[in-house]
Ligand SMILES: OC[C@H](O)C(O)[C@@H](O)CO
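Shown next as structure tokens: one chain only, the form predicted alone.
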Amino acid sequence: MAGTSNLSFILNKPLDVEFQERPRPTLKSPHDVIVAVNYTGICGSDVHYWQHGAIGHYVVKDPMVLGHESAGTVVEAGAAVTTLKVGDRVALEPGYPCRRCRACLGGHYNLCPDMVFAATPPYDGTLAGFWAAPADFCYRLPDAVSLQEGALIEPLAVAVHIVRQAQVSPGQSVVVMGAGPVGLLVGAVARAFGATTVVAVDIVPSKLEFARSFAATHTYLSQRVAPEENARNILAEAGLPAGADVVIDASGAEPSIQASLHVVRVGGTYVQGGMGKPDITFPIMALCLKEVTARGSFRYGSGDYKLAIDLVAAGRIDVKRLVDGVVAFKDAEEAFRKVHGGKVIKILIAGPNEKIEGDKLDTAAPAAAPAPAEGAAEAAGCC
């Protein structure tokens, strides 16, 4: 990688984006590094900001650089940095906390109220030539992990956090509602944690076809019927008459959430990973009568990035299979259109200084192109 451009992909307002050359960031702390961004993936939250200019109370009021799923190369390191050096390839954790509040000191820095998170107003994202960040939130990639795989560590870390929240253990059965990128990765992480039955549920047949080839042992095409009926059908399809040990919603869709509480077994665990409407009708009676343990999941916490990298390095999860291709930086908006249209599972945008031949690079074999999902923009809990 050569070049000094800090060309940035900027959202001004909904559906109004531009490329702008901005000053290269500088070190603000001796503990920081400057990273030249090689590749960036597109998250559903990025697409939602592009389309609507807001997610909940996070509203784009000033021009904002998009992107937060990135990997790059260290080009400058502060005097106090001992864990990284110039030339190291790193996956970027795109948010960093205050380190001083109750949440941070309690080991839950992802819940820090003063989190600085890329491409979440008012903070700029990583779709630019360079990114400055604390060195301890940049994770060196082993030789066995490529920079393109490194750009997928962010969504994989989201999945790791969800599965850790569910406390999945060997031999368990896990039902994953939603087979978007995070849902697919949740299934793969659950298998890596030892789950022997992983059921993928979605409304799009092509997504389920890919899920079965990727990590799922069973699939179920959700029907427009009562949640209780979908739940009975899921359990019958997977051979789980007593219910699933763990149910994870990675869709944010109200019907999926309602069905989930009828799928989980008595005394089982339910984790909400997808973000949808802020308020829904929830089957609280099922939650109570079954004494279900229910947890939320938001972004990622201590150890999640490291474990995600280890899973890829060890060959336990092949994240390359989710990538349909890589486009040049100048084609960033077209990449957003493809993601919004459901034409790809994952597409990577090469950094503005990344040398590529033609307009795109081929990566792994193309993944099955899913149709656009209903409900939430992304099942990530990362926006």
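The model shown is predicted, which means the values in this text are computed figures rather than measured ones. We number the residues from 1 along the sequence you see.
Beyond what is shown, the protein has a form predicted in complex with this ligand; the following relates to that form.
**Q.** Heavy atom distance at most 4.5 Å to this ligand in the predicted bound form, all of C43, F117 and V158
**A.** Checked in the predicted bound form: all three residues contact this ligand.
Q. Counting only non-hydrogen atoms and a 4.5 angstroms cut-off, does R191 reach this ligand in the predicted bound form?
A. Contact check for R191: no, nothing within 4.5 Å of this ligand in the predicted bound form.
Q.
Can you work out whether Y300 and this ligand are in contact in the predicted bound form, taking contact to mean some heavy atom pair no more than 4.5 Å apart?
A. Heavy-atom contact with this ligand at 4.5 Å: present for Y300.
(Q) Whether A77 contacts this ligand in the predicted bound form should be assessed with a 4.5 Å heavy atom distance threshold; does it? (A) Although this ligand is absent here, A77 would stay clear of it in the predicted bound form, with no heavy atoms inside 4.5 Å.
Q) So in the predicted bound form, does C112 come within 4.5 Å of this ligand, heavy atom to heavy atom? A) C112: no, not in contact with this ligand in the predicted bound form.
Q | Which of 98-106, 292-300, 80-88, 307-315 lines the interface with this ligand in the predicted bound form (heavy atom within 4.5 Å) | A | Looking at the partner contacts, the answer comes out as 292-300.
Q.
Going by heavy atom distances of 4.5 angstroms or less, which of L141, L235, M275, L261 would be at the interface with this ligand in the predicted bound form?
A. Selected residue: M275.
**Q.** Sequence-ordered residues of 227-260 touching this ligand in the predicted bound form, heavy atom within 4.5 Å
**A.** Contacting residues: none.
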